[in-house]
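The same protein chain appears twice below, in two forms, each given on its own as C-alpha cells and labelled structure 1 and structure 2.
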Structure 1
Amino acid sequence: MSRRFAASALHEFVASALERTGARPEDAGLVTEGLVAADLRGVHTHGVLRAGIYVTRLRAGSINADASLSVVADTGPVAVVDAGAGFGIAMAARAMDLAADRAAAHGAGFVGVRNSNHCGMLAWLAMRAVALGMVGVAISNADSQVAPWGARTKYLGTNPLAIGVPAGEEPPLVLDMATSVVPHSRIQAAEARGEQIESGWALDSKGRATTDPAAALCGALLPFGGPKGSGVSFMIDVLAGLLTGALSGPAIAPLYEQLDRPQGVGHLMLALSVEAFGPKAKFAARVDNLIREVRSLPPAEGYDRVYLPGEREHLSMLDYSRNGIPLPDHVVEATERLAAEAGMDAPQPL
C-alpha cells in the first residue's frame, strides 16, 4: 500500500525537522533536496525514510551541525577535503560541485572526502555534474553489512557507485547501484512487513543462505554478481576509504548503531568535462543515438521494452512530480514518528 504526497510538502516537512534539530538552513536544504530527489525517482530506501536517523544522529552529536568542508590537500584537478563529521549529503554535494569547478578548469576534477556520514542517493550527486553538461561519477564506502565473496561474516559496506552522462534530447544516462544484491534497508522493510526475502540476498549468522529477514539482519548481505560484485565493492572501499584517508570496512560506525560516534565514511567525486574530449554537441548526439538504438532493440520474452540506465527512475520522476510521490506505508509511518518526536504536523497525503 502507498499514499501520494506532494514533493513540496515532503521538502517543507523534512527541512523544518532538520532545522528544528539544529541544522543550518543551507545544510537542511541540501539534505532535503537529496532525500526528496530519491523519492521522486522511486528510490524510497534513500528518501525521506532516512530523515529520522539523521535527526537522531544530529541530536546525539555524531552529525556536526556546524561542519564545513576544509581542504586537506590541493593539487589543482585533485583535492582532498575533510567533511568535519557534517551531513554526508550536504558535504558530498559540495564536493561534487568542487569537482565540477576543477573539471571546468582542468578537464577533470577529483575530490576525495574523509570524515563524513551517510550521503544518500548517489545518483543525485552524479546528476549535479550532469546538470552542468559534465560526466559525474560518485562512489562511497559504507558501514559493514556485506560478506566478501566466500566469507560468512560482514566486512564490506554496500559501497554504492553512480555514473551520470549527459545526453541531448534524451534524458541523461544514470547508473546508480549498491554493490550488495539489495540495500540493508530493504531487509529491514521486509522484517517490518513480516515478509520473507529472496534466497541469494543474505546469509544468516552461521553463513547459511536465508530467506528470513531477521536472520539476515543478524548475518550479512551478499554482493551482487558473486566474486565480481565483491571485487567492485572491495575496490570502492579502497578508493573512497583508504585513498581519501577515511575509515574503512568495520571501522566505520554503523548508521543505526553507535549513534554518538561520527561514521567516518569516505566519498570520491569525479567530474569530467565533455568538451575536454571533443565538441559537446557531437557527444550529445552520439549519446542520443545510442539511447535510441538500444531502446529500439526487440525485447526478450517477458519484457515489454528495453530500458536504459536511469530511464525507469526518470519516468517515475515525471509521474511523481505531476501526481505526487507514492510513499510506501512504512515510509509514511516513519515520517509520522519523526513528526511526533519533533512536535510537528506530519505531511498529509494528496
Structure 2
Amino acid sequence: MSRRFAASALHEFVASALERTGARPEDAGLVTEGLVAADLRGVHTHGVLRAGIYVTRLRAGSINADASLSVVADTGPVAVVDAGAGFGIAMAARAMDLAADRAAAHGAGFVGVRNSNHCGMLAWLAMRAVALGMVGVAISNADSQVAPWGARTKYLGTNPLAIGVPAGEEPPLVLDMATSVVPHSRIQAAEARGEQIESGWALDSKGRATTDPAAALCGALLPFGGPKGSGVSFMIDVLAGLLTGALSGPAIAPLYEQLDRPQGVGHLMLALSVEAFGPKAKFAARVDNLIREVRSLPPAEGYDRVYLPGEREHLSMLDYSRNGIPLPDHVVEATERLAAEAGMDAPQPL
C-alpha cells in the first residue's frame, strides 16, 4: 500500500529544498504549488517527483534562479515574453496570469513564452484561468521523443495540451493530455517491472513496431490517434515553439540530459473571457447540463460510468486533500534522495 502524505508537508519540503538551492521564495512557491497540485490530482509523473531534476538544473545554472519574465512583444490581447531560462512552472503560471489579465481587458489574451524550461502539469496552468471564471488553454512543446506519422525516427516532443472550462455547480472540465499515445515514463515503468508494452505505443531504433520497452527507449514514441494526433503535435510545436520564438523539435534540450543548458522550451497560454461571448450564468448552466447528460449516458462494456475530462483527477483531489496523497514508492524514494542531498528531513507519511 502507498503511504499517504499531507499536501502541506510535501509543499513545505519541496519549497524549502528549492529555496536552499537558491530559488527565490516566489518562484519556489509557484513551482511547489504546481508540483503538489499534480500529486493531488494523481498525476504523479508531474508531481514532487520532478523536484529533484529542478534542483539539479538550478545547481547547474540551466534553470536561472534570477530570471524574470520580460515582455518582448505586446499588442494588448497578444504578448510574447522571454522567460530568461527561469523555472518553467513559475514562468508559465505568470504567463497564464498575464493572459487572464489581457482577457479581462480585451476578451481574449494570448501569451507566448520563449526561452523557458519544463512547465509541469498543464492542467494546473489552465486551471489558473478557470479559477478566474475563464476558459484556459495551455500548450507547450517538448524535446524530441515522438515519430511523426509515417516516419521511423523521432522528431516531435510529447507536446501536451490542456483546456480548462469553468462550470457552474459541477467541477470544471479539464482536459490535459500528451500528444503521444503514452508518456516516456510509462515505457520506463514497464521496463523496470520487466513487462511488455502494447503494440502501437512505440517504434524501435529501426522504426519497427515493438512491444519491448528497452527497444522502445532507443527508438521513438508514437503519436496518439495516428496521423490526427501527429498533426495536433505538429501544430503545438509550431504554435508554442516557432510562433513564440522558442526552440522547437530536436533543438530542445531533454529534461534529464544536457543539464548545463536551458531547455529552450516554448509555451502558449490562452485565456478567454466567458462574458465576452455572452452571459456567464447561462454558460455555466449549459456546461453543468452537458456534464450531467454525459455522466448519465449508459456506460460501455467494461466501464462503470462515463467520466468527463478531468473528473477522475478532480475526485482524486477531493480525496487526497482530505485524506493525504498516496505517493507511489518510487516518488517517496525520490523525495528521500532529494532530502539526503539537501541535508533535510524527508517528508513523513501521515
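The term rigid core refers to the maximal set of C-alpha atoms that superpose within 1.5 Å between the two forms. Computed from a predicted model, the values in this text were never measured in an experiment. One-based numbering along structure 1's sequence throughout.
**Q** Assuming the other structure does not fit, state which one is the form predicted on its own.
**A** It is the first structure (the form predicted on its own) rather than the second.
**Q** Using the core for the fit, does the CA position of Asp101 change by 2 Å or more between structures 1 and 2?
**A** It does not, since the Asp101 C-alpha is displaced less than 2 Å between structures 1 and 2 after the core fit.
**Q** 2 Å or more on the CA of Thr75 between structures 1 and 2, with the rigid core superposed, yes or no?
**A** No.
**Q** If you line up the core, does Pro213 shift 2 angstroms or more at its C-alpha between structures 1 and 2?
**A** Yes; Pro213 is a residue whose C-alpha shifts (by 2 Å or more) between structures 1 and 2 when the cores are overlaid.
**Q** Rigid core superposed, Ser199 Cα shift between structures 1 and 2 in Å?
**A** For Ser199, the C-alpha ends up 2.6 Å from its position in the other form.
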